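What follows are structure tokens for two forms of the same protein chain, given separately as structure 1 and structure 2.
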Structure 1
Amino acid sequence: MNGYRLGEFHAFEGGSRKYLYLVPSGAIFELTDLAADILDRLRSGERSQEELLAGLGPDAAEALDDLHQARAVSNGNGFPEPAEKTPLPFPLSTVVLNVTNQCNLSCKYCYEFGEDRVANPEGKAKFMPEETAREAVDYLLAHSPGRRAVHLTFFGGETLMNFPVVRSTIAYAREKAHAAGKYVDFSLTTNATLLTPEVIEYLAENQVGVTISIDGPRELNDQLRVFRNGRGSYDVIAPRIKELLARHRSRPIGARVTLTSQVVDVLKIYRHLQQDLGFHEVGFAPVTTSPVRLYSIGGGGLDIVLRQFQVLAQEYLEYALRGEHHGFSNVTDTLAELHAGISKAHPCGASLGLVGVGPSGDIAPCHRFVDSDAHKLGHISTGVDPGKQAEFLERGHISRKLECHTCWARPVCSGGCYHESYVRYGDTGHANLHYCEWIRGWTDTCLRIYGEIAARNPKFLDHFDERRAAA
């Protein structure tokens, strides 16, 4: 037999326990003292079984076998194996309906209308007709075999500029889903400018999930989230958001913040949105843009963001140990993936379980590529072109991203967002190399948080199982 050597993993500690994050499986393995001793012996290089087990006692062979089964150590028999390609066709779970490509704001960083846009909507429908939306519902139900629940998300532009179609589509989808023996969940994203009492009442009564795009208190939000005349949007949206939060209690309401070079005060933003306005969850994402834009976050800015994320993550841990909810969704989302042992061959579900549909009925890999002719996968009336879908997925597969093959964080990243890759590098299959250190730092933080929770309040992790079962 060949000698043993270390496998591919990332070691971390939490709650005075030692763990391994196993690559490429994405599993978390708790180390016994004996297993840790075996790994320590391998850090200096390959060893035979006899050398490894010498003097470690009668249980050492079983501990070594456990490490080998977990692939924390290798004996030269050929792993790690390459990630398998996803079989097609793959059942849909989500359709994002861009019910309009129009917006009443003029946010300077907007990926749909800004300097880095990939969409070319000229000559196409500006507002999705009711008939197209219904075709999209039929498509979702027909192409989701085996799914007991499916998701319909309404998007824009500004979604509520086409509220009549949102409302009629929800009624139609409920009727069709019931006939098909499925449950359909609804959500939408809005800039909150059009949240009238009528709209709020409808969203609450129909249990529609809502995400509000907002970048913090007035002085930060109004840096870039402005009307066409340059006027800030905060004073318009704040009272409407408060009314929504007071009335709509059937679903948690979340805020989505875009971080830019002008807006990086994560702690101040979080405190305002969660404590002052009352959002249940707040999530942050750096702006997607070319590095030459004035609002692009440079390397130093990302370090500032990470340090503040880590402060909130520690606060999240304190809440979790008490069994309490904390609204920092970036931690929740990462912990959920770590708990599920997810190892991604692709960065996300774009073109797999999820597609975006534009106002014209064109199908895109996700909502960020809607109205981009270069990324069109098909039309809602004729379906997805299997060749284009396969080419998109093959290009974005982790096996194609050679820079990722030595990165321990690739199970949670798989190279990063397709849209980010295209804007930054001109290729949806390019790894997001500018985020590598950030991703590793953030993943390590979340692993340590997970380890602490697993050691000190493991019951808290049950809600991740419940969340997955409800998805």
Structure 2
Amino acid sequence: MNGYRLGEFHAFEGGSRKYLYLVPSGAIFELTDLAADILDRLRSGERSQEELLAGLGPDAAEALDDLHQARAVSNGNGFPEPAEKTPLPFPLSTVVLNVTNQCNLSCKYCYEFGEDRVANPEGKAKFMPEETAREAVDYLLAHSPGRRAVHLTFFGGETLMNFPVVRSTIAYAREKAHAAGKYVDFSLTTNATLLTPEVIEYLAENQVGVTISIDGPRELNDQLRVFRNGRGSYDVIAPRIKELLARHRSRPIGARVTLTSQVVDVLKIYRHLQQDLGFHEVGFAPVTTSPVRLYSIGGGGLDIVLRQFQVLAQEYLEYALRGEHHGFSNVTDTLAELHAGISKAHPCGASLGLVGVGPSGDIAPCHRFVDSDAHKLGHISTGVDPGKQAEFLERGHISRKLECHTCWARPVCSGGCYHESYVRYGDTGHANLHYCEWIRGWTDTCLRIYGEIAARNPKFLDHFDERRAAA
């Protein structure tokens, strides 16, 4: 019989308890001391059962059996089971409507207009006509069999530059969804420059979820989020955001911060957006760019970001142990995935449950690829080309990303954002190798928090079940 050796997992501690994060299942188990001792003995290499259990007492065989059944240890020459192929056609849950590709800001890092853009909007519609938006709604309702709730997200360009179409589409979608026996909810992303009292009133009344792109206090936001003449946007948006937050209470309003080499002061940004402006949730993401741009965050910058994320995450933990809400949404999102034990074959739902539709009606894998001819999956009048969709998904499937096959963080990462991969490596199916350390560092941080919450205030984790049920 073969000896025993370690299976694939990431061990971590939280609240002075020992845990395993199993790969690729994404299951989290707490270990008894005995089980942990067995794993410790295997760290130096393969051992026979007799060597392994010697002196560990009468329960050791049972503990080894438990570990073996959960695949934390193995004793065979078994091959890893291949990840399942994606079942197609896949029911849609979300359509992102890029209602315009025009914008009244000229943020220097913009992936739609900046130096690394993938879109080629020349000669195409600049504003989505009402008719196209309606076709997209019909498409969503027709291609979401089995789903009771579907989502419509409005995006840009600057979304509110085409507010009339947003408004008429919401009315149309409500009516059609009702007739189809489905529930549809709405959200949009905006730079906040066009949030007039009428728009705010409309969004609040219609329970439209709002995400505001803002990079922090004036001196940080205005580094790159500028008007065409170079003037910063902070002074225009801050009063409008305050008005929105005061009036719109029907959905949580989130801030979405883009981190760049100039803008990495996560703590300062979080405090300002959460305390001074009053955002319910604040989420951060590093800019998507080729590494040669001045605003690109290098490895050193990512380390700074991770350390600050960890400080904020610690604060999140303290809140969670008291049963209180903390607005650092990067933690909330990661904990939700860890709690469910999600194990992804694809990094995101692009081209599966989600597609982006551009102003011209072209269908893209997601909003980031809208108006890019190279990534077009079809047109809203004729639907997604199954061949193109299958090719896109196959290219991005975890089984193709060999570098990921030895990484314990692949259940949550699965190689990372397709758009990021394309901008960096020219291939949507390439693993985002420049983020590996960051992803593992951040996942480990969140696992420790998860473990501590599970040990000291497990009721808090029920929120994530409710969150999932609501989604």
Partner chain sequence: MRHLRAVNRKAVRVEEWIAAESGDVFALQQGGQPQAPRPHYPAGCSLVFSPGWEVDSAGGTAGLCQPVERDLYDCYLTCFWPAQVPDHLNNYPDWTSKCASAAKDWRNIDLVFP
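None of the values given here were measured: they were computed from a predicted structure. Each form is matched to the other, and the largest set of C-alpha atoms that superpose within 1.5 Å is called the rigid core. Structure 1 provides the reference sequence; residues are numbered from 1 along it.
Would you indicate whether the form predicted together with its partner chain is structure 1 or structure 2?
Pick structure 2 here.
Please determine whether the C-alpha atom of residue 59 is displaced by 2 Å or more between the two structures following superposition on the rigid core.
After core superposition, the C-alpha of residue 59 moves 2 Å or more between the two structures.
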